[in-house]
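In structure tokens, the next block holds one chain alone, the form predicted on its own.
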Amino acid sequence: MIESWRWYGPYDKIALAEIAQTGASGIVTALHEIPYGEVWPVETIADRQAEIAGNTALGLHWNVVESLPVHEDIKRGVGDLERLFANYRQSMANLAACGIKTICYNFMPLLDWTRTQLDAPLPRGGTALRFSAPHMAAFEIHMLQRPGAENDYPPEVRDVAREWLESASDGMRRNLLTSIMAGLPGAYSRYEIDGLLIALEGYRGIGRDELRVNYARFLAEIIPAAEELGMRLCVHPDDPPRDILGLPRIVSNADDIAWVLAQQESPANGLTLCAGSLGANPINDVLAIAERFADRIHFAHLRNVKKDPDGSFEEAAHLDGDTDMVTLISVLVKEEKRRREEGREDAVIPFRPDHGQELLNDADRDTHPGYPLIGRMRGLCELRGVVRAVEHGLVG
């Protein structure tokens, strides 16, 4: 497995030289400065690629794009779709021309990963990302006042939400909005309440079936081109794997993934196995999902969560959450062996330690939420040890 690291380019507070010291060699990044829907020029791709690989002593290379964003108009099925599809195909061609052939993307409407607290305290020190179902209910029902939001939460969660709101200061409410808006990688304009309501209005009348139609159209337009280019697209599951803000989420469980992969029966139409995203849904058996779709996994986000009965969850240490990470890695290493025996060019699966806890002096670095240096390095070290043990037949 290829040890990789998420890097936000010029926006990142963590330098490439520091990443190299973690032991990772693959860089997972994107051209965040280019607006969604516009073409990624070859020259800009090559410049970023050269920046990453320029110091050969560091041994770094750009191995995964995360993400080549899908424009909201494609998700909504409106606007000049032919131009947007053409631009996406051209960006893929330009990436392929530079030798970068794995693209992680998502089809989550409007928001990407969603959390309600960015600094939940840990018992032994440090902080973690947290999704509180009552806090999300307080935001949707009372702060946003989204029509029908109360129907999306059970009475006991609504009761806790109301109690929290009654005691919450203006600063606490502001922090809640800021936390929810934080999960927009590459999209640096954040919504206020009024702006979010306007954005949500753009999805009026779009339910699960309509979003699936629009997703199937995207795959039909993009996957054949990706196959010709020898590229691997891999969809990232919804995070959290449940409807948010009244918006449908359609990549949340095994049935959803099966539907996505069946739309285009091609190796180019694959999955990013995000153990944390899938693991946040109590109905998901992450290990079974990994085994079922192993041959279509092109990239892995290895992180862990601990779930609460009310639907809340918190980012755990990489080996300490609800998912058996040792067995999960065993599934991936076994799949790599199978691919090698078949002679596949994509035999080795890149992975990265996803969301890390903020530990020691991470809080002083002001890095992107969920992407600290020390917390992720701890995760990478733990995962590296498991990978080596599995590869040597010591476990798994």
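We number the residues from 1 along the sequence you see. Everything numeric in this text was worked out from a predicted model, so none of it was measured.
Missing here is the form predicted in complex with a small molecule; even so, the following discussion is about that form.
- None of 198-206, 141-149, 106-114, 158-166 except one has non-hydrogen atoms within 4.5 angstroms of the small molecule in the model of the complex; the exception is 106-114.
- For the options Trp40, Tyr371, Trp62, Phe351, the one in contact with the small molecule in the model of the complex, meaning a heavy atom within 4.5 Å, is Tyr371.
- Contact check at 4.5 Å (heavy atoms) against the small molecule in the model of the complex: none of His135, Arg242 and Ser312 pass.
- In the model of the complex, at least one heavy atom of His355 sits within 4.5 Å of a heavy atom of the small molecule.
- Residue contact with the small molecule in the model of the complex: Ser67 places a heavy atom within 4.5 Å of it.
- Under a 4.5 angstroms non-hydrogen atom cutoff, the small molecule in the model of the complex lacks Arg232 among its neighbouring residues.
- Contact check for His318: no non-hydrogen atom falls within 4.5 Å of the small molecule in the model of the complex.
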